[in-house]
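One chain comes next, on its own, written as structure tokens: the form predicted on its own.
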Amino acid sequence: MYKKTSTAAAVAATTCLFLIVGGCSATSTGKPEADKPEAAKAAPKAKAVDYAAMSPKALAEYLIFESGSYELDQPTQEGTNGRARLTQDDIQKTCSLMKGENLSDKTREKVSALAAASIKYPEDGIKLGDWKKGRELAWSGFGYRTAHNPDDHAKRATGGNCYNCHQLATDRTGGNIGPSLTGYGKIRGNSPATLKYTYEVIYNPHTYFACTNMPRMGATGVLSQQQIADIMAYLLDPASPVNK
């Protein structure tokens, strides 16, 4: 579910956050040493680090995983923690480029192959679900937030967040980061080839668009196969507002 990233930009943003946090924590309160809590007096000093000697990637790794700037033990809905969420997999590592770097054709092929291998198909074949349920999913961004106010998936289903990047039906206003999907089924029909393509793009879009910004909704477990089928129905069913 991660996009193509400029490591240099990420380092800059992370460094700013680190310096702000570090500056606040280092500010003197004016209290004499004897008046400070025992825990504060006993706290070990942070190990000195030479940022200038690090490569941008090494600095990013240090700031995120070793500096203590992030609370990495926060539990997540998928049963892991913040550290696991921030640890990149092979596709994310490959797509995280330094400024000025470009993907080679060989690398694109590698990413597409990894993505295709991740796709799991329904045992009874790819079919359309309920477009009304798909409509609610497509226009919902709920799910997977942690920190101080975590989302409770037991009380509400996760959404597909499609509206954030795509214009869908014309009765609502969607985003324009991705292409408009208005009239998707009217234009493409709902042949087996169209169903397969649409399922694969939602499940893991890197199969067709290496290092795309689009999240990997199926491969990362954000959406179930049934939820994907419902969103597909919203896009392809002639009765859906998308195709009116």
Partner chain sequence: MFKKTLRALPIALAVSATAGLSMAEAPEDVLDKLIKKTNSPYLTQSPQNIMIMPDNPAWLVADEGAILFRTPRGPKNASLEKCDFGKGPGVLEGAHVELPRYFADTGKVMDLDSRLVHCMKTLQGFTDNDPAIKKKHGSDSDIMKLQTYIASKSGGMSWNPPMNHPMEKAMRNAGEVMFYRRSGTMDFSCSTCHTQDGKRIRASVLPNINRPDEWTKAISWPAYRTSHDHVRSSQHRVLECLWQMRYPDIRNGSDASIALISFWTDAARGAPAILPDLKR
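For clarity, every value in this text was computed on a predicted model and none was experimentally measured. Positions refer to the first chain, counted from 1.
Just so you know, the form predicted in complex with its partner chain exists too; it's not on screen, but the next bit is about it.
- Although the partner is absent here, residue 52 sits close enough that one of its heavy atoms falls within 4.5 Å of its partner chain in the predicted complex.
- None of the heavy atoms of residue 169 is located within 4.5 Å of its partner chain in the predicted complex.
- Contact between residue 222 and its partner chain in the predicted complex is found at the 4.5 Å heavy atom cutoff.
- In the predicted complex, none of the heavy atoms of residue 194 sits within 4.5 Å of a heavy atom of its partner chain.
- Not one of 79, 114 and 228 places a heavy atom within 4.5 Å of its partner chain in the predicted complex.
- Along 209 to 231, a non-hydrogen atom within 4.5 Å of its partner chain in the predicted complex is carried by 211, 212, 213, 215, 216, 217, 220, 222, in order along the sequence.
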